[in-house]
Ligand SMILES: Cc1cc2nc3c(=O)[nH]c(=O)nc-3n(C[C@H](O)[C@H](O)[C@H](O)COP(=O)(O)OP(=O)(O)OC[C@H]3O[C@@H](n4cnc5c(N)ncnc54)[C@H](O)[C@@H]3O)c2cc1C
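There is one chain below, alone, in structure tokens, taken in the form predicted alone.
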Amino acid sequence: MEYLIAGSVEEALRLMGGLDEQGRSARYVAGGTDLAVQLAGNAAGGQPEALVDVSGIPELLRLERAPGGALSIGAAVRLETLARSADLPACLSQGARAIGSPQIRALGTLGGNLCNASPCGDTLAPVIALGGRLVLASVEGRREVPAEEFFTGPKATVLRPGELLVEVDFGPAALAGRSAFRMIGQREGQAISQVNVAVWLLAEGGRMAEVRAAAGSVAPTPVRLAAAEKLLRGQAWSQGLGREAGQAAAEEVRPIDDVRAPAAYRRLLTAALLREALAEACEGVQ
């Protein structure tokens, strides 16, 4: 297997394009924490003939807040950086902190977690709840895709052959609002989520003027909890309202039975985790 190191987005695309012209299969790699496991188990669509390393590309390592409050996070920013950043939206830092072990977070990247597209990935629901937009680059140019439209199925995305996730952009509201993340697994550490939930809201006059919520590991892709959002919007927080929103969320998810949890339990978890995340995000709202 050939290992190629790209110094820029343009070089990465050029290398990938050249390999394709030669009829050679190739994959992008950054931290490799998911890809290495897939390759070892021969579960990455066959063994690629080459890997293009994008982990050192300066553009992919940027974490910048614009003067107006917008936020851009490069695809190769490490999960540990997000987990330790106190000035990021809480749900994103909490989601990054829930992934794997310190060693995995030190290597794993935001882009890798998103492009792996596992329904239980712990940054997927936060990025959706925050209204993230994914910037994808190809030799034809760049395009933006809303986070909730990026995932098409388990381990499947809208990425085209040779296309590279460059960054994830968030509008000023993502930082202006309040957010929280909850997950639960079968053990305390290094757990794969049985269910995870992220909530973001903007409060005005003691009420939730705007709400976005998303859940993972409850459908083939992470999903918006639209019914719960509608119920919450314009309301003041109360435990009773949290129970109603949790019930609405439990009824709209589509979990399956698998080795980690039965569907009925996942519905119960969705309701409970949404209530907990809402309670944290609404704490101190006046």
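A residue's number is simply how far along the shown sequence it sits, counting from 1. Only a predicted model underlies this, so the values are computations on that prediction, with no experimental measurement involved.
Another form exists, predicted together with the named molecule; not displayed. Remarks below refer to it.
- Heavy atoms of every residue among Leu60, Ala75 and Leu107 are located within 4.5 Å of the named molecule in the model of the complex.
- Residues placing heavy atoms within 4.5 Å of the named molecule in the model of the complex fall in a single listed stretch, namely 111 to 119, out of 198 to 206, 111 to 119, 171 to 179, 139 to 147.
- None of the heavy atoms of Val253 is located within 4.5 Å of the named molecule in the model of the complex.
- At least one heavy atom of Leu159 is located within 4.5 Å of the named molecule in the model of the complex.
- Though the partner is left out of this view, Val127 does not reach within 4.5 Å of the named molecule in the model of the complex, counting heavy atoms only.
- For the chain shown alone, Ala30 is a contact residue for the named molecule in the model of the complex, at least one non-hydrogen atom being within 4.5 angstroms.
- In summary, among the residues Leu82, Ala214, Val211, Leu165, the only one with a non-hydrogen atom within 4.5 Å of the named molecule in the model of the complex is Leu165.
- Comment: the named molecule is not present in this chain, but in the model of the complex one of Ala98, Leu71, Ile184, Ala90 has a heavy atom within 4.5 Å of it, namely Ala98.
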